[in-house]
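Taking the form predicted on its own, here's one chain by itself in structure tokens.
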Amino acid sequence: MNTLTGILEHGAPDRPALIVPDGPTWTYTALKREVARIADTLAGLGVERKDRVALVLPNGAEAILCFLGAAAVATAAPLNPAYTEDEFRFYLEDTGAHVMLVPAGGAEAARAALGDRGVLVEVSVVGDGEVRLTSTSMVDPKRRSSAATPEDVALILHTSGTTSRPKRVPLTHANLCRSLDNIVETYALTAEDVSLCVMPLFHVHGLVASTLSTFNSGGAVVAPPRFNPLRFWPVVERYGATWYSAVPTMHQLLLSRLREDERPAGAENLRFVRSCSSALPPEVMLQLEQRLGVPVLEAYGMTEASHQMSSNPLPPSERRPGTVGCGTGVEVGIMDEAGTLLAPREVGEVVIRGENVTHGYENNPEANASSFTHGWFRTGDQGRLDDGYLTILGRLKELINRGGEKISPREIDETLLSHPAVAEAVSFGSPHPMWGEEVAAAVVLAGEATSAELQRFCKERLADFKCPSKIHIVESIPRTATGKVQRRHVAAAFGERR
């Protein structure tokens, strides 16, 4: 049966399933036992299939085990532990969650937001891996929730809205299991693989790609409490990680800490490296491949697709820098505003359809009407297909409109990144009294350069209307908790509000 509980049957009983560095290890037998214990405890608290269970847990085993336990009896609603009290209050009310799981210490903002309007459950790991749930509410040990079916909603997440409030995305067990099958097939994952999970577990990148897909293959997940570039390679070496998935920021941090021509100890265990959730500059991809000696595969994912939609393939198939590869068990097309599918190499909106794609936003008919056309989901990304390989040109809402000329910010980014002194670059639209918008950029340097020098560099490589009129030299680029760059936030941070 295509449920998340079912994927745990793919691992051999005594094989390691979940490893915490310098902490407990759960075999598949132990993992299933703890997930069942958590599910039974939640059911005993009165949680039913229709209910939402908020998870406010740090990265690590507790977040993984409690997600699986909550999804087995209800709908899991992971939340970013870094939210403010007001943000927690909004998300708890929006999802209708009346049960919230928190670590035994901390999460004060979440606790305050819940107040006395719901059931608070404290989570701790004791001994060699027993997950203990403690609540002031009475537990009825005889209560049991009905078994999940493929069409039950397992996970609910929010998209990050641009101008409107975040939209709720319900993902069923069937959606998620199809995505997991696609990921396993794309990367030929087996029980011999060991995934190092460094992405946040309140997001589909860490939860689905790094963790659940590994369980789906019968492999092992190594789950440190946080991404630490100084401890990264020792953990890879110690636990024999065969792959990891991260955002470009993390890849760049790891590269910056390697000595010239150094191949870090542990890299010999890797089969491949995956990059997703933000555009990977081709220069970074090539540097990673040279230093690590393994293929670097850029993928394309989003919440509405239960994460993965496309990926560059493993060798001997061709991987193309600057693209996000081909559809992975998902149909990918390019559509114009009128809803007509376009021919190869034509530019338009990226659309997808497949069993992993959500059936629609929750209680949001207006968003559903604008986001689904003839059964295709409109991603909001501009792109083109060439021989089946997809190139993402940028978010449609982030295109810079200079006097009617539509400019892709990513093209400007890549030009700036080709300068040897530039470590990071993000371009965006800046208000202009005549043109409506003009191009501006924020740049983090790795060497010596001035704004004027970088502008001259761009003028030698880009048409005049594409060249940044302002280049801000900054110490860091603002990012979301999952490492994404949102250009409107960068524009706001540097006084260029759109």
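Residue indices: 1-based, along the sequence shown. Being a predicted model, the structure only gives us computed values, none of them experimental.
The next section is about a form of this same protein that is not shown, the form predicted together with adenosine monophosphate (AMP).
Undergrad: Honest question, do 64, 80 and 197 all end up within 4.5 Å of adenosine monophosphate (AMP) in the predicted bound form by heavy atom distance?
TA: Heavy-atom distance to adenosine monophosphate (AMP) in the predicted bound form: none of the three under 4.5 Å.
Undergrad: Using a 4.5 Å heavy atom cut-off, which stretch among 256-264, 137-145, 100-108, 291-299 contacts adenosine monophosphate (AMP) in the predicted bound form?
TA: It is the stretch 291-299.
Undergrad: Using a 4.5 Å heavy atom cut-off, which residue among 165, 359, 406, 231 comes into contact with adenosine monophosphate (AMP) in the predicted bound form?
TA: Looking at the other structure, the residue within range turns out to be 406.
Undergrad: Select from the listed residues 95, 278, 364, 252 the one whose heavy atoms reach within 4.5 Å of adenosine monophosphate (AMP) in the predicted bound form.
TA: By the 4.5 Å heavy-atom cutoff, the listed residue in contact is 278.
Undergrad: I'd like to check something about residue 226: if you look in the predicted bound form, is any of its heavy atoms closer than or equal to 4.5 Å to a heavy atom of adenosine monophosphate (AMP)?
TA: No, residue 226 sits far enough from adenosine monophosphate (AMP) in the predicted bound form that none of its heavy atoms falls within 4.5 Å.
Undergrad: Is the gap between residue 395 and adenosine monophosphate (AMP) in the predicted bound form 4.5 Å or less for some heavy atom pair?
TA: Yes.
Undergrad: Does residue 203 reach adenosine monophosphate (AMP) in the predicted bound form if we count a contact as any heavy atom within 4.5 Å?
TA: Flag for residue 203 set to yes.
Undergrad: I'd like to know whether residue 193 contacts adenosine monophosphate (AMP) in the predicted bound form, with contact meaning heavy atoms within 4.5 angstroms.
TA: Heavy-atom contact with adenosine monophosphate (AMP) at 4.5 Å: absent for residue 193.
Undergrad: Given a 4.5 Å distance limit between heavy atoms, list every residue of 363-392 close to adenosine monophosphate (AMP) in the predicted bound form, or none if there are none.
TA: Going through 363-392 in order - heavy atoms within 4.5 Å of adenosine monophosphate (AMP) in the predicted bound form - the hits are 379, 381, 392.
Undergrad: Relative to what we see here, could you say if residue 362 and residue 397 have their Cα atoms closer or farther apart in the predicted bound form, with a change of 3 Å or more?
TA: Closer: residue 362 and residue 397 approach by 3 Å or more in the predicted bound form.
Undergrad: What direction does the residue 437-residue 338 Cα distance move in the predicted bound form compared with the shown chain, closer or farther, given a change of 3 Å or more?
TA: Residues separate in the predicted bound form, at least 3 Å farther apart.
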